[in-house]
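Starting off, we have a lone chain in the form predicted on its own, written out as structure tokens.
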Amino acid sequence: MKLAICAGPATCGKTSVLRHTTRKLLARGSRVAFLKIDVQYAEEDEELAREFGIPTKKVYSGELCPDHCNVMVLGEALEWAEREAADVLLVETAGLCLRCSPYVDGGLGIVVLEATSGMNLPRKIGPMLSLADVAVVTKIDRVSQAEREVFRARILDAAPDIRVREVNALHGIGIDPLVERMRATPDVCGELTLRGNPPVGTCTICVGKKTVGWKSHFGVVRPLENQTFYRGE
């Protein structure tokens, strides 16, 4: 089974990209399953199930970071997709934690960015971009050619080896190269591992203490002067 994990900021067009991708995969004979990971509300799984008749699931991360939740459920999701006789599993994650990277070794990592989000966005989202294989840029019809070129250059500054695909996600223009990249991705096998290191999360805030101010906390803390250090109990 091939695995593609799609992340990106809210409203960037992830679902539109995956909708056109699903249509083209099905037309080429692939059997597709879809998993949606969001925080507290999503209906994309229901929409794709109605439109294409494919098996879908969704998971709400709730108190967890969506990318944390992705790590927890992905193994079972692959088992579920295999039982559904799928040969491609598409995972759409909310991507709200810009420090995290949801991608795994052996799968295809896709980040979706909207060209209207500002020229400096590629500098702000860290491993979500730098560890992806493909950057899909949407809403290209809403900006000038010069802005598109600057946006592309900023993406390549952050991730020099990434493939940039500019698409019109509303009409599915430019999706075919992404579909061919998915079809060329090797099947996942063996134990899956994260492509990047998870962020450090070892302090009393992480276990629910709500008092404001680093002097009230233990573990990895950071004062205003931006010096990170460990404060033991």
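Residues carry their position along the shown sequence, with the first being 1. Not measured: the values here are computed from a predicted model.
There is another form of the same protein, the form predicted together with a small molecule; it is not shown, and what comes next is about it.
The closest non-hydrogen atom of N168 lies within 4.5 Å of the small molecule in the predicted complex. The closest non-hydrogen atom of K139 lies within 4.5 Å of the small molecule in the predicted complex. Although the partner is absent here, D45 lies well away from the small molecule in the predicted complex, with no heavy atom inside 4.5 Å. Interface residue remark: T22 is not counted as part of the site for the small molecule in the predicted complex, having no heavy atom within 4.5 Å. Considering the small molecule in the predicted complex, the lone stretch of 140-148, 103-111, 81-89, 157-165 in range is 140-148 [heavy atom distance within 4.5 Å].
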